[in-house]
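As structure tokens, one chain now follows by itself in the form predicted alone.
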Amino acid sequence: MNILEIKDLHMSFGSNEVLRGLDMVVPENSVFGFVGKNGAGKTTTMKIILGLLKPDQGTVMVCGEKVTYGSSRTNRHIGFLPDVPEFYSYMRPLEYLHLCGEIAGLSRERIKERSVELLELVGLGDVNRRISWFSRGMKQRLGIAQALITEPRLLICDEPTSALDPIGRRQILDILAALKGRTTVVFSTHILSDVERICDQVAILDGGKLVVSGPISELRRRYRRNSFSVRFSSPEEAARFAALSALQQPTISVIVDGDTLTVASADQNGTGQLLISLFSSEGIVPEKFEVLEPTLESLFEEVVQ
């Protein structure tokens, strides 16, 4: 089942056409990376999903219900973490979650139970200081707890790691990864390594349209370049082996970078057998020999102009 469906979405701000026929589906219980350059239209899409912007054209369905501009009905299915969450800074985290639960109409017992559970989930269970003393990373973690207070079926996170240090980023990613199977996460970002770490699905937005979408494992197979990386003990050994490889099979591409070769060919098996044969005949034992899988970064560079 698809928990989110977007069809033929158009949105302009004056003469600036941000979305140009965006089509996208998000499978339930996936961790879905929504990727694009800054200004690609990711935040605009999020605001339309939340009913905060009225699109010029197109439809958005959340859990089978149509999203209507200005109406919060479909938002009962959604938890939202903006890129810069705001809080009542004089409150403590438990107090803040209690307030959020009251606004959402939860019972007093459920608010208490859910607040304790969520603060433990985001690593703030023992924190009793005022939010004004929180670091940026702590605020992001509290923002996730707030977004999950009503047990939403869909959690939308808009650039949740973009301004964090490496430790803060890892903490946020670990929390989002732990939600897999419990709720669907749409994770908007331009940091491709974060998507590779936790997402199982990805959509790449460019020019107001979706240019690539699907399971990351499937996209890696689709864009595989049949390449090998071979590292030698010295740059001289790498250069000598590069010459031998090129002479044996001129159709392959060999790139030398210091002590490492990148070897590409349309025939993965044949090229792999050639390299292993040359290792044996020349008495060379490489320090490293591996098949290169395409990274999300290389895929992004290929499909985004």
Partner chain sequence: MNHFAVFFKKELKESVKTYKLLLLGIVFLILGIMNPLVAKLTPDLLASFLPEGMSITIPEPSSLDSWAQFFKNIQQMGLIVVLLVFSGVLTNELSRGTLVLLLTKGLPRQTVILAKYAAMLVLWTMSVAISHVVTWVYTVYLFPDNLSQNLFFATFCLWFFGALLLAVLLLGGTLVSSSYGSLLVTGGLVVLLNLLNLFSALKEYNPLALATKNMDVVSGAVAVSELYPQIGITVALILATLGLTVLLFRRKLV
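Treat the numbers as computed from the prediction; the structure is a model and nothing was measured. Positions refer to the first chain, counted from 1.
Although not depicted, the form predicted in complex with the partner chain is the subject of the following passage.
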Leu210 versus the partner chain, in the predicted bound form: is there a non-hydrogen atom within 4.5 Å? no
Using a 4.5 angstroms cut-off on non-hydrogen atoms, would Asn75 count as touching the partner chain in the predicted bound form? yes
Is Leu53 close to the partner chain in the predicted bound form, meaning a heavy atom pair under 4.5 Å apart or at it? yes
Verify the contact flag for Val127: yes if a non-hydrogen atom of it lies within 4.5 Å of a non-hydrogen atom of the partner chain in the predicted bound form, no if not. no
With the partner removed from view, which of 182-190, 91-99, 162-170, 229-237 is the stretch that lies within 4.5 Å of the partner chain in the predicted bound form, judged by heavy atom distances? 91-99
Interface residue in the predicted bound form among Ile216, Ala104, Ala177, Leu121, criterion: non-hydrogen atom within 4.5 angstroms of the partner chain: Ala104
In the predicted bound form: members of 144-164 within 4.5 Å of the partner chain, any heavy atom: Gln146, Ile149
